[in-house]
Ligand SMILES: Cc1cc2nc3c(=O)[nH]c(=O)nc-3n(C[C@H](O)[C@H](O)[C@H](O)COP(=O)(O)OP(=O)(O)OC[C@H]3O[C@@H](n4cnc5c(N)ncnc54)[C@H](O)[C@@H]3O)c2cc1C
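Given as structure tokens, the chain that follows is alone and in the form predicted alone.
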Amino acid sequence: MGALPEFAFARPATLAEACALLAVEGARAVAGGTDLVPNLRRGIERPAQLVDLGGIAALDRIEERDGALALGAGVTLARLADDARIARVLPALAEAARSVAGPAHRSAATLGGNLCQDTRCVFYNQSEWWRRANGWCLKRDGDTCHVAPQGRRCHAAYSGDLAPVLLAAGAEAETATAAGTRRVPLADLYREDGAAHLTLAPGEIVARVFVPAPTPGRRSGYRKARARGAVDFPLAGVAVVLVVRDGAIAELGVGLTGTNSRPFRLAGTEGFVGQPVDDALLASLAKLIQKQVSPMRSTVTQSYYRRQVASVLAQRLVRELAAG
């Protein structure tokens, strides 16, 4: 990695001040910097100004109202992992936060940064000279996706750990710009395009995430496969939110990450409501996942493996949660 490029730096004290600064072309938001700083040092990003969100107290709050949670985008992953309210309302979120990188990273990295982190690819996350020698790529400065040279879409994979949990739980996001705020389903923040996977407008940031109050008896969990046992991104990650009543599924949400250019909630799980968690149901769940995930050659691991491991992780997790 090289030295950081030159840029102006601002540290606003309020969300309104931050949005005004981010409305200027060339400005980028930064919080923990665990995703952005490596991209700066690789020459991937060259912002004219960085707007540090770390001084905004309103983004650093966890609030509970009637069992629902409002999570500030500036809350660190270390806090998410250890907060008793999160452990009670959505324990899978604490699990996912604990699975990210190492302790030093988690003490700096934030909820908003993890949700909005850049997509990854072995042809993209490289030094500038390496990317230049390979003719750049479709995601940045080039016109060819080296993963799928005949296609016209970037296949870099989204690898955040928190999004699948929040998607499975039906969370919403509040975003902010200089013009005001809006509240949308979390799924609406993403699109299936590795070069532009976020739907946020220029200067728009995630300010808060809302987690609905749990249904009585709700259980949740998160599992991921990675090349190394720690400090690594998911090759495939699965979150499950499950309610079982009288031996049958009453509620099932499944979120996935690492396989596509966006995190997503598995479609079609409502068809499992009323069914017992048995081998037939788990086989059907595996088939549903394998139809909807689309891993490509964007990592050091074979695409087929990532497809298979996603379905196996989901099966194991559903069985485990159903057993209590």
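It should be emphasised that the depicted structure is a prediction, and the values quoted were computed from it without experimental measurement. Residue numbers here begin at 1 and follow the sequence given.
Separately, the form predicted in complex with this ligand exists; it is not shown, and the next lines address it.
Student: Which of G113, G221, G253, P214 has a heavy atom within 4.5 Å of this ligand in the predicted complex?
Tutor: Going through each option in turn, the one that passes is G113.
Student: How about G237 - does it come within 4.5 Å of this ligand in the predicted complex, if we only consider non-hydrogen atoms?
Tutor: Contact with this ligand, no.
Student: Does G33 reach this ligand in the predicted complex if we count a contact as any heavy atom within 4.5 Å?
Tutor: It does: once this ligand is placed as it appears in the predicted complex, G33 has a heavy atom within 4.5 Å of it.
Student: Under a 4.5 Å heavy atom criterion, is L53 part of the interface with this ligand in the predicted complex?
Tutor: Within the cut-off, so yes.
Student: Within a 4.5 Å heavy atom cut-off, is H105 in contact with this ligand in the predicted complex?
Tutor: Yes, contact at 4.5 Å.
Student: Looking at 93 to 101, 180 to 188, 78 to 86, 242 to 250, which one sits within 4.5 Å of this ligand in the predicted complex if you count heavy atoms only?
Tutor: Of the options, only 93 to 101 has residues within 4.5 Å of the partner.
Student: Check, residue by residue, if A29, Q117 and D232 all come within 4.5 Å of this ligand in the predicted complex, counting heavy atoms only.
Tutor: Verified in the predicted complex; spot residues all in contact, yes.
Student: Heavy atoms within 4.5 Å of this ligand in the predicted complex is the criterion; list the residues of 185 to 208 that meet it.
Tutor: Those in contact are L200, E204, I205, V206.
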